[in-house]
Structure formats: C-alpha cells, structure tokens
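Below, in structure tokens: the form predicted on its own, a single chain.
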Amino acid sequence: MSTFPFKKNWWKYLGALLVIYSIVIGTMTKVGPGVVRVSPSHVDGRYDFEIDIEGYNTSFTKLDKGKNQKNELTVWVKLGNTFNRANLADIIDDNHIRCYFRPIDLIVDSAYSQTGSVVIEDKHHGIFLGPDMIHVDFRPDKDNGLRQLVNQGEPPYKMQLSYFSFPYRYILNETIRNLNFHVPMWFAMMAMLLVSFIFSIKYLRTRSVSDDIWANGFAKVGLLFGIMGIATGMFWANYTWGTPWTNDPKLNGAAVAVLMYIAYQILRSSLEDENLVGRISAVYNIFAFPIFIVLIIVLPRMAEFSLHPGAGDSVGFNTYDLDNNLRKVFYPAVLGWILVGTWISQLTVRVDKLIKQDEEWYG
C-alpha cells in the first residue's frame, strides 16, 4: 500500500505554503479606505460649518447620489465620546466629499478647543476614520451658560467593508503590507537563535560535535533572517521617515545584534582546533543570546523617545494597526517563516556534516 509522500516532512511543506500564502495575499490585497486630509482643519463650533474630506482608495461615486444618499453615506465629527453627524454630505468625486454641519451643542465660559476625528460610513466602504484631523473651537457665549457636549445624531452602525482589505494608516499608506514581511523576519530570527542557544548549552554538557554543528546551523539562518529584517526595515523607514536609517535605539540595537552574530561566525572561522571552536563558540553564543534580547526588546522600551512602533514612547502595531485582516496574513507569515527557517537550518546542518565527513575521510 502506498503512503502519502509528504507525511514525514509535512511541517516543511506547511511552512512553504504559509510563506507563499503570505507573500501572495500580502502583496496583492488592496489597502482599504482612509482619510488623507480635512479642509479646513480648524472650525468654529458655534456656527454652521462645512469641511472637505479627501479620501484614499475610496470610490464614493459608486454610492447612490439620489434620494437615498443619506442612507448611503454618513459622516460624523467625533469629539471625545460624542458623535456629531453631518446634516448633508455631497459627493464630489471618488476621493472627495463635502460635508455640512450644524453648530455643535457646547457652550463654555472660556476659550476652548477640542481635537476630533472624522468618521465616515457607507454601504461600500463600511466604516473608516481620519483620527485627530479636525480642531473644533468653542468660545464663551454671552449667556455664560455651561453645558455638556451631547450627541447630535445616531452613532455609526459599524458596517463592514464590502471587500477584503488591509487597514489604511496615515503616512504608511501601501507600505502597511510590509508588516507581513518585516516583523515575521525578526520573529524567525529570534526562534532560530533561541534553538542555537539551546544547542550551545547542550554542547557544553555533551561535548558532541553534532550539537555544535546544529548550534552553528541555526545561528547562520538566524543571521540571514536578521539581515533580511534590517533590509525590509530600511525600505520601510525610507518611505515613512524619509531616511533608511535614523539614530533610533531600536534600529541601533538591531544592528549591534546582527553584528554580534557576524562576529560569532568570524570567531568560528578563525580557530582551527575543533574542540576549541566548539567550547569558545558555545560560551560566546550563551552570552550573546540574552544580550541580543536586551538589545532588541528591553533597551528600546526603556528609551525616552523612539520612532519605531513599540519602542520608547511610541505605541506598538498591536495597539491600533493589527486588525483582523492583517492577523489573517501576519500570523501565518510568522509561523511559515519559522518553519521554513527550521527547514533551511536542517539543510545547512546536513551540508556541514557532509563537509566534516569528507574532511575526516581525506584528512
């Protein structure tokens, strides 16, 4: 009876399929609608006002422009927990709408300004917003009354987008899809270096040459993923920050971490005695891995300021960017690259063992 040919190595093929899936979906999925700008960005809340909204990847002209337009497109200015609904929203073209608002119900006894978000909801795009894009000014009323800001109009119904997309984020735009490549590279690097660290500990206990070869094999592939992580990060930084490299604690820590493992490979190649190579490189690796974790995780979080998400005083992607659609690609990408990295490490170890056997045979 024939057996399934992939049964023994199913995890390798699973990793390859997940990587292919993440590459195809990560590059071809459309970025969803967003708000690029609001004009004017300052309005006086005591009077009627109008604002022009410029959208990104929007198709407003697909909505009904007839009698049912109010049911098709609704716009709010969200101040705190209150939703102030536009009295009318006119569609100008695919990426522009003009909204008209009545005075907002807030009377104050001193000059006051509040930053709000623009929330848009329709049957085609679902619900999306432009965070902190409009400033509403309030000034004292001659009646000197003080009332609380109240909701003017029902809040959004939280309609779903009619197509699968990645979330739009201001400035990131299309590069948000790089989250599915840049971050999984670093997860894979950490996984490979962790396994290398474990084999180094094991080597000091057993003094088995095989354990040393395994430690070196996983360290090589971990270094490869680290270089790819830095490369994809530089591409992202050049687009969002205007330069491929900044004096950022997260970036500097990553660079030092990669240099540490380049030094590990140089150390191994500079020694000829097999036992000496195994002992010294194992000790080096055991100290290098905790320092690596400190450099890329601990120190950046302790920094006072950092541009990189999740470091310093900046929030991480899991706070606002990693929505359900991104998770459907991001998590498979992380698992896939770890499995593929393990596969490559296994092949690297097999090659190193064959080279060693040849050296012993001819030596």
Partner chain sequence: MVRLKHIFTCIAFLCLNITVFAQQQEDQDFFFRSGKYYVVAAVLVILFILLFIYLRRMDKRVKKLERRA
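Numbering follows the first chain given and starts at 1. Source: prediction; values computed, not measured.
Omitted from view is the form predicted together with the partner chain, to which the following refers.
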Problem - Which of 79-87, 221-229, 246-254, 271-279 lines the interface with the partner chain in the predicted complex (heavy atom within 4.5 Å) - result: 221-229
Practice task
Sort through S210, N173, S165, S117 and report the residue having a heavy atom within 4.5 Å of the partner chain in the predicted complex.
Solution key: N173
Exercise for the section: State the residue from M185, V195, L73, A288 whose non-hydrogen atoms include one within 4.5 Å of the partner chain in the predicted complex. Expected result: M185
Problem - Within 4.5 Å of the partner chain in the predicted complex, all of F138, L326 and F330 (non-hydrogen atom) - result: no
Practice task
Please check if F49 has a heavy atom lying within 4.5 Å of any heavy atom of the partner chain in the predicted complex.
Solution key: no
Practice task
Decide whether R177 counts as a contact residue for the partner chain in the predicted complex under a heavy atom distance cut-off of 4.5 Å.
Solution key: yes
Problem - Exercise: T342 in contact with the partner chain in the predicted complex, heavy atom 4.5 Å - result: no
Problem - 4.5 Å heavy atom contact, F181 to the partner chain in the predicted complex - result: yes
Handout entry: Residues from 331-360 in contact with the partner chain (non-hydrogen atom within 4.5 Å) in the predicted complex
Key = W337, I344, L347, T348, V351, D352, L354, I355, D358
